[in-house]
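One chain comes next, on its own, written as structure tokens: the form predicted alone.
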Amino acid sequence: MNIFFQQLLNGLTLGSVYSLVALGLTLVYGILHIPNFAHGALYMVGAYMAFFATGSLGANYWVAMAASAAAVALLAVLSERLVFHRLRHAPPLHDMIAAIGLLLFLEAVIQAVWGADFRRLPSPYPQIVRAFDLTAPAQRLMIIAAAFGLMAGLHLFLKRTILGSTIVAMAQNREGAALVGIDATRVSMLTFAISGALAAVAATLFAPINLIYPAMGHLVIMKAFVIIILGGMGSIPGAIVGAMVIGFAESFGAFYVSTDYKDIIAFALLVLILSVRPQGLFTRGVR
């Protein structure tokens, strides 16, 4: 029972981190139709910003997370203004090429500053929690709680605030939203800021139990694209459910099959589910 619980906890941890990354990616795609391959680099930069804040500045873990989220949100807005906004009338392929170029540029900058060595963020909660004959690392429980809290907050923001409603309106009908006076530029900047902040928080949550290195965003962004395709491009519920499906599949697959196939499972699931339901698990569009 304890072994099964451990795998369940691992799956929830992975799914929670993947959800935050996929949510930012699906928001940008659902509203601006930009396949932002540079999102993985934002995730990586978020981890390094938290590492710098805790290591060099001596900041508290939560302060470092907030600083990382703010810094990456600003970086995401700058990328939208300086790169993607200028390509808004260009063919879609140009956005993809620009995103890949931005990914490589950010990786090169990080490697020039910190080098290619592996690093780790110290865990703020190294304790082990015991209950009902079960044990769980406090860090993993904190990741799950923080991620679900943030997802609930994002849901309330989109549904209960005026700013959130403008994002949903823009996703549902861009031309109609412009006709009623919604500023597309403001919504684009806000969407990229939220996307960057989510990626940074996900990286900071996961960094204490994972290594930090310049190419850490590669596999994460590939899985995030698998998740949003699986859940339905632009669907927020689909991104969360898809992330959990991938997280549990990886966790149980690694334990009961082999760790060698852990990363392949996500892509195998994508092929299997899309062969049955080509449109993904949920209706497309930000909801």
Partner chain sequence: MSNARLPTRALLAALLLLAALFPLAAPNGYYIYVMSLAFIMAISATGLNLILGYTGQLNLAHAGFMAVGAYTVGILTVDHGVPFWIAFALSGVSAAVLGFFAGLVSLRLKTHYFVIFTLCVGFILYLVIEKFEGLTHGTVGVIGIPAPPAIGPVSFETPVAQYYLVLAFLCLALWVMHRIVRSLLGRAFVAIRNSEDLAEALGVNLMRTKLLAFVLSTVYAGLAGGLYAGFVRFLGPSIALESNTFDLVTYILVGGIGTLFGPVLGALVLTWVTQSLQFLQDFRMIVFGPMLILLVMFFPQGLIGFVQERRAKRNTREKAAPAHREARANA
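Not measured: the values here are computed from a predicted model. In this text, the rigid core denotes the largest set of C-alpha atoms whose superposition between the two forms falls within 1.5 Å. Residue numbers count along the first chain shown, from 1.
Although it is not shown, the form predicted together with its partner chain is what the next lines describe.
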- Item | Y261, heavy atom within 4.5 angstroms of its partner chain in the model of the complex | yes
- Message: With the partner left out here, check for me: in the model of the complex, does some heavy atom of P35 sit within 4.5 Å of its partner chain?
- Response: yes
- Task: Consider L12 of the chain shown here, and say whether it contacts its partner chain in the model of the complex, taking contact as heavy atoms within 4.5 Å.
- Result: no
- Message: Can you work out whether V257 and its partner chain are in contact in the model of the complex, taking contact to mean some heavy atom pair no more than 4.5 Å apart?
- Response: no
- So which of 189 to 197, 159 to 167, 176 to 184, 78 to 86 is the stretch with heavy atoms within 4.5 Å of its partner chain in the model of the complex? 78 to 86
- Between the options I144, A138, I100, M151, which residue brings a heavy atom to within 4.5 Å of its partner chain in the model of the complex? I100
- Message: Counting only non-hydrogen atoms and a 4.5 Å threshold, tell me whether L104, Q111 and H218 all contact its partner chain in the model of the complex.
- Response: yes
- Message: Does L272 shift between the shown form and the other one by 2 angstroms or more at the C-alpha, the core having been superposed?
- Response: yes
